[in-house]
Every structure is written in C-alpha cells, then in structure tokens.
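This document opens with one chain alone, in structure tokens, the form predicted alone.
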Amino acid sequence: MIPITKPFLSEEEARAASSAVLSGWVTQGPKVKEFEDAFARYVGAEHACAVSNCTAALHMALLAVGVQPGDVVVTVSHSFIATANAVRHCCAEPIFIDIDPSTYNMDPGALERFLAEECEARGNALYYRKTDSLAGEGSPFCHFFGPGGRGPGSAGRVAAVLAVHQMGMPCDMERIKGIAERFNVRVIEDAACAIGSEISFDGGKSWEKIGRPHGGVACFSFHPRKVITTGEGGMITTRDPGLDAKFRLLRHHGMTVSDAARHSADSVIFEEYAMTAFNYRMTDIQAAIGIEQLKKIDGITDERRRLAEEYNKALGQLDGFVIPVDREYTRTNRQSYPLMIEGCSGVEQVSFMQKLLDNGITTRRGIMNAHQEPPYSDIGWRLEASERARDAVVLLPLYNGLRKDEQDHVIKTVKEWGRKRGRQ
C-alpha cells in the first residue's frame, strides 16, 4: 500500500532521542533552547518559542495579542478544525471568510469586504455588527446573548485576523497584512503546514521564509504529516520580545523562572507564577529530534518539490483536473499535493478515491471545513469556494522516499480513472 504520507526519520533522529533520554534531562531544557535558536535562524525570526503542538501555539498567540472573551477572529473555515477551535479556546468566536479557489487560502477581497461592510468602528476598535447570529449551541457567545447574557454591546470586537498558509502554500500576506493594518487589526499566521515555504514581496526578486513572521506571530506544527516532525510539537515565532516573553509564561504555568535557570543557579531561587497559564511545553526528547530534522529541511523540501513537479508534468494537461501551482509570490514546500476534479460531485470524489484505494494507493479528500462540522454547523455559514474545494479535491501521496515506480503507479491509476470518466 502506498501511504498518503510518512515521516522522514532515520538513525540521526534515533541517536538524538536516545542521547536526550540518557542525559537525564527529558522535559523542557537545553535541547529545547537549542532547537528554538536553530529554528529562529532558519526562518529569520528574532524569537522562537517551542510548545507541545500547533493548537497550543495558536491558542497562546491569540491570547498574547489580546483576544478576549466575546471577541471575534477573522479566519477561514477551510483548515484543520484546530484553527477554529483555538479561537473558541479563548472564549471568542471565529468569523469564516471564503477562500480564493485558485490558492486554497483566504480571499483578500472577501476579507476587505467583510471588514468594510459588516463591521463598524466604536471608539478605537472595530466591531462585527451581527454578533447575535454567532450565538450557536457550542459558541461562547451564547453566554452573551442567552438568559442573563451581557448583550451585544459587549461582544463582537474584531481582535485579529488568523491567516492560514494552507497545505504549505503561502497566502497573499502582502494584501492581507495591508488590509488588516488599514483597519488596525492584528495578524497571526497559522503556518502549521508551511515550514520551508517562502514568500516574495517584490515579484520574485527576493525571498523570505514563512515564519519571519510577516504578521505579528507565526505558528508551526511538527505533527508527523508535516514536512519535518518531532512526533507532536509546535513553534511560535515573533519579532516582538514582549510577545515572546508572554509565550514563555503561558506555556509553563506562568512560572517566572525556568527549570533550566533554576537548575544552573548558584544560589537558591524561588519561582513565582505570574498568571493563570498552561502546560504547553515541548520535551527535550522532541527537541533533539527536531534539531536533526531541521538540518535536513532543504533536502526534504527540494525532494517534495521535485515530486510535485513530476505530478504536474504528468497530470497538468489532463482535461477535468486542476493541478496546484505556485503564484509569483510563493515557493511552496509541497506539504501536500491537492488535485482538483472539475465539476466533481461527492459521489465522483468517492469513486476516484476508491479507484486508487483498490489499486493500493491511499488518498485523502480535500481539506475539511470547520463550518461543516457539528461544533460550527448551526451558525449557517455559506462558503461556496471552501465547500467546493473540500468536495472536489483529492490529496495524492507525496512524501520523501516515494519511489519513481510508486509515483508512476499513482499517475497511471489517475489517468485510467480519468479515461473512464471522459476526463482526458
């Protein structure tokens, strides 16, 4: 069976994990610091803070930029549900903007229309006008609008834009950032899939890594489906030393003295707990693996881009299929390979996936939409491009170590299905 993906791990990672275990320091410690420093250098960030996973990173980022109970955060539904859930973890509510179907990312035009037409200024802040429409069964807004609630005047502040670099494909940060700044709204990047991706702000003359960051904060995942992995794990990058200091308190119970500082002190130190916070720490075992993975990232992304280009050359001329392409401002790490079937119905998507499965090929359907899942579906969102992308896209196998004969088999099977459906 050809899997949809698999992590690229070897003896170097095994030895690094073993060394961390044998060192006696297995929780957050010197290896975490080493990984943070290496990651910051790689993406060009001033600060990097390692955490337990990307959901934790998103939660902390939202809290640190000031998202409060009753606020709204503008984001996309077309993302793993953790993007929306992180907003609700702050007792806030996501506002879903549709995607540009050619990029699978937030449509900047839709963002601008929402902020200009559906929000209003009150004092120094921007407020969504229709907050009562968000009080669904699972929403924290039910506490504002239900019996004894505080009413619409206290809810709906637009606290942030949460832009997702979906499948590692950078979104149009130049436009999104410019629009958000015009409305005085902070930008956070959900870069869960985007380690190794690059973006240009001068038409391709120069390139910068995703994670520099280009909004105020960028959040990464090291889940096994990502380009590099630590098993589980995440990272938050920022230029702002004040935000970085908040992240370090939030991830470690609000503790003012780290374990490493206390361990190395030559006099007695008593820590304080400055805020109500969380246990969102990365372990030294995970960080040791991450250090080795990061050393390989250029080769990993080169190989994934080569494999994606092989798919593009073989499938790009087929009628009825749409391949993923970089824009003039993007260099994608090819974390996934989405193949869109034009005019596809749900039945046809399943037929395509079953054809590949019957031939020993694992696939996944297009990226999920949070608004079509039970926690968010009662709000009544209508997002045409997002819904079409979920139901018309199939993700093909793409990973380091995918052999030529395996990729050729995938391509041959796709073409066979296409011929039978009159798509070639």
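One-based numbering along the sequence shown. Since this is a predicted model, take the numbers as computed values, not measurements.
Not on display, but discussed next: the form predicted in complex with a small molecule.
Shown alone here, Tyr329 lies farther than 4.5 Å from the small molecule in the predicted complex, counting heavy atoms only. Of the heavy atoms in Glu93, none are within 4.5 Å of the small molecule in the predicted complex. When contacts are judged by a 4.5 Å heavy atom cut-off, Ala192 counts as touching the small molecule in the predicted complex. For the chain shown alone, His223 is a contact residue for the small molecule in the predicted complex, at least one non-hydrogen atom being within 4.5 angstroms.
Residues placing heavy atoms within 4.5 Å of the small molecule in the predicted complex fall in a single listed stretch, namely 192 to 200, out of 282 to 290, 192 to 200, 125 to 133, 313 to 321. Using a 4.5 Å cut-off to the small molecule in the predicted complex, not one of Thr75, Ser77 and Met106 places a heavy atom inside that distance. The partner is absent here, but in the predicted complex a heavy atom of Gly233, alone among Gly233, Pro170, Gly156, Gly211, sits within 4.5 Å of the small molecule. Site annotation in the predicted complex: the residue of Ala160, Val164, Ala218, Val227 reaching within 4.5 Å of the small molecule with a heavy atom is Val164.
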